[in-house]
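Here are two versions of the same chain, shown separately as structure tokens and labelled structure 1 and structure 2.
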Structure 1
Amino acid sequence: MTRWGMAIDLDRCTGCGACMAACHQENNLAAVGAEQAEKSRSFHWLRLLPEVSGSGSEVKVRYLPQPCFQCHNPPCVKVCPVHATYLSEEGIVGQIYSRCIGCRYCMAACPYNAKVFNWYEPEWPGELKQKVNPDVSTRPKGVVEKCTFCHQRILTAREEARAAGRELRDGDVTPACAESCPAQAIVFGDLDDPASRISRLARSPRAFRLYEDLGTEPKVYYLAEKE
């Protein structure tokens, strides 16, 4: 069984934001606008967190792309009273929007702040309606949303592999964020495949995971900057 994971090389990331833009386009995320932003209602499935160190001419900025960490032991799943959030057999934490009642317990339980609440009815005015991805649903007001590792792309790649009479190969699935990254800082694949690139990176001496001591067992690995 596949266990999907991601590695992000912090030595390569330039903070350009292409991954965030691609995530919005691929997953039908509407812009919140100035009014909602003033209320701190951001709406990103993938965030780009800056970290500033030093001062003056020695100041240094690095960026930490943060999607959903698809925890193997997800606290969000345990607290949902209607089972709207769940852990799939392939290790992806999914969200059933038709079940979600908007209680936001899952958001409170997530230590990575990886989920967002849809505060308003999204709109795509004018020609933007023609750019909505037909492979991804649009979500109504009042539900919790999150990154799914572009699950629709996983399903498409699996169908194409089945039609070709073969198994999925390493590199068959590329989420929108990884595809758009000009520095190729994001790698995606099967963690249980010892020959896959993501599996090798997860075993790298540079690899680390956020808040490992919490026991959530995230499937997103970061590669520390080279000295």
Structure 2
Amino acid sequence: MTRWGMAIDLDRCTGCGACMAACHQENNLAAVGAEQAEKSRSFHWLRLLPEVSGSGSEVKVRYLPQPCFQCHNPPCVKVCPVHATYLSEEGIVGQIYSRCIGCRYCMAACPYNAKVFNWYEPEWPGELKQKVNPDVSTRPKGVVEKCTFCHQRILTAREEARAAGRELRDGDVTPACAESCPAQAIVFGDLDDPASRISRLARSPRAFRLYEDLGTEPKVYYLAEKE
């Protein structure tokens, strides 16, 4: 069975924001505009979070690109009253928009703030709607949405592999964030395949996950900077 996971090498990441923008374009995230942004209603499926340590001239800052961590033990799934969010067989935490009632319990339960609420019908002024990616549905207003590890790309890659009469190989699937990264800091693949790049990186001594003590078992691994 496939278990999708991601590794983000913080030693390579420069915080350029390419992943964030690529995610917007791939997944049809509409901008909310100046007025709503001021009310903290702008949303991104993948954010760059600064982490500050030390102070004064010894201060250290690093940026953590943060998609949904696709927890193996996701707190958001447990609290959903209508089973709109679920853990798929391949380890991706899915969101069924037509079921979601917008109660946002899942957002409250997520320790990583990975889920976002769609306050408005997505809008693309003027001709902008022409650039919508036909592979990803736009979400109606009033539902919670989140990073899907670009599952549409997984489906496409699987179809292509099937058409070519072969198994899916390591490296066949690249989410938009990983594809756009100029530093090649993001690696995606099957954690259950011991030979895959991702499973090797997940075993690296530099690998860590956020809040492992919570028992959520995220499938996104960070690789710490080298000293």
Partner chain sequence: MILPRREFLRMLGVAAGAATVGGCGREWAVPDRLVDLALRGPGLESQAQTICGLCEGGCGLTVRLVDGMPVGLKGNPHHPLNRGGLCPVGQAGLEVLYAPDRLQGPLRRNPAGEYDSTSWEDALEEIASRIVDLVTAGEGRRVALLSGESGQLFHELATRFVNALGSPNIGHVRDAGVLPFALTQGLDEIPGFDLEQADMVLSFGLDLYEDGPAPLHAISAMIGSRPLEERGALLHVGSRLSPSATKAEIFVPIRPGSHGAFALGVAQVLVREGNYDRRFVAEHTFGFDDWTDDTGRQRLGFRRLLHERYYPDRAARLCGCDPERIVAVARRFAQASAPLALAGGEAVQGSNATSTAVAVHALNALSGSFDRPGGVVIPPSIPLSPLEQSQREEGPSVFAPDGASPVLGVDPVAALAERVLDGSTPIEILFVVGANPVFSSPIGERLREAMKRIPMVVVLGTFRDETAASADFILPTHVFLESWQGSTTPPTVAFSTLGLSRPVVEPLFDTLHPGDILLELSRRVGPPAEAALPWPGYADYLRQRLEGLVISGQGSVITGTFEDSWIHFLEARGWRFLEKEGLEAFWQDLLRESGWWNPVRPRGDWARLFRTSSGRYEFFSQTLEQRLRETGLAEGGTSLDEQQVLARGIAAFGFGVEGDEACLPHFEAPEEAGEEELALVPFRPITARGQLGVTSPMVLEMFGYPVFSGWQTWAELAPETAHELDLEWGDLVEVESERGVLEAVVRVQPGATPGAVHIPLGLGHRESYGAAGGIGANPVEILRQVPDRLAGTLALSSTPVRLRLIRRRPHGGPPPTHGGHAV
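From a predicted model like this one, the values you see are computed outputs, not experimental measurements. In this text, the rigid core denotes the largest set of C-alpha atoms whose superposition between the two forms falls within 1.5 Å. For residue numbers, the reference is structure 1: its sequence is counted from 1.
Engineer: With both forms of the chain shown on their own, indicate which is the form predicted on its own.
Structural biologist: The form predicted on its own is the one given as structure 1; the other form is structure 2.
Engineer: For residue 51, give the CA shift between structure 1 and structure 2 in Å, the superposition being done on the rigid core.
Structural biologist: Value for residue 51 between structure 1 and structure 2: 2.6 Å of C-alpha shift.
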